[in-house]
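Just the one chain here, the form predicted on its own, laid out as structure tokens.
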Amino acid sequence: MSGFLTIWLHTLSEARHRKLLVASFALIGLQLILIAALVGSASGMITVAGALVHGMPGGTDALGAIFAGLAVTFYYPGLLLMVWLTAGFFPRMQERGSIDLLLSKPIGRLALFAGRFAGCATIALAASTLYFGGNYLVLGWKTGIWIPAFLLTIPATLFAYTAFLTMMALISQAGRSTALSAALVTGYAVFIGPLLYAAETELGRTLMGDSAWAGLFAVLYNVLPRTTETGSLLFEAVRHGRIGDTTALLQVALSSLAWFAVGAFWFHRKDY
């Protein structure tokens, strides 16, 4: 446990000295200022409209749907921000000099791998809290409309991010490249994941039929984390205050655990 905590603290210390981290948090702060200015210019109208909608039959549901849409709108940029923010930590750990120094310490490789993972997740949690919590406070302050379910974006984004982090940790074993890790995971989040999800819909199955591609897509859909579906679940959770079908969440958790185990095993066996 002491080795795990040492690496976790080392990762956080490294993050504090990274200009990219400082720049990213500054960028979040700038975004909050711009959102405050944008919403503030029409805050009076928004407040009046919000009060009118809230007083109408079904008005609460309508506001919930609006904030659910805003939650998903902020969700994807925030998720990709965390990916790019932490993409370099595993590749840098494996650079010559850095990995030699770490392995010379009385710390097991599993503790080293897990500590690095936890450190990245902690950084992402801080960024997520600032980004989504800040936007929630700005929107509420400027409009007078408070929908606490909007804050579900924080755990939802962290959950999806940990799936991507397991992928980046594994990819770094092969490439040791920050750009490669970030680009592949971004490509999966933006293109591959949605494509696999679309292929599993009724329309997708009809179009693909019984082709070999349909079988390949089905295998990948069940093996890779279904992070695309977390956005839909987030929308429903913010809108109705509850999570519906949790099958996708369970699949993401199990898939992420498997990817983490493979990455940790490879790191444990790898010759540096």
Partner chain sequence: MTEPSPIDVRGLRKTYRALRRSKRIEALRGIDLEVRPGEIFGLLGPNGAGKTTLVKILLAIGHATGGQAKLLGRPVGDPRARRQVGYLPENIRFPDFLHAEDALHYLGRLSRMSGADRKQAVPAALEQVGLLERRTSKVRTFSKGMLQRLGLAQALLHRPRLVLLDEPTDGVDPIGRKEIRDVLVRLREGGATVFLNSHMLSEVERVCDRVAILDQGQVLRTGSVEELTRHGNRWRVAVEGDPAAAAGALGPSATVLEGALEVEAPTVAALNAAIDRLRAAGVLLTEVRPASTSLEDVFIDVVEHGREEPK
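What you see is a predicted model; the values in this text were computed from it and never measured. Positions refer to the first chain, counted from 1.
Beyond what is shown, the protein has a form predicted in complex with the partner chain; the following relates to that form.
Scanning Ala198, Leu103, Val190, Leu137 against the partner chain in the predicted complex with a 4.5 Å heavy atom cut-off leaves one residue, Leu103. Although the partner is absent here, Lys142 lies well away from the partner chain in the predicted complex, with no heavy atom inside 4.5 Å. Interface residue remark: Ser98 is counted as part of the site for the partner chain in the predicted complex, having a heavy atom within 4.5 Å.
The partner chain is not drawn, but in the predicted complex it has a heavy atom within 4.5 Å of Ile107. Per the 4.5 Å heavy atom criterion, the partner chain in the predicted complex is contacted by stretch 90-98, the sole one of 90-98, 72-80, 164-172, 148-156. Looking at 4-27, the residues that come within 4.5 Å of the partner chain in the predicted complex, counting any heavy atom, are Thr6, Ile7, His10, Ser13, Glu14, His17, Arg18.
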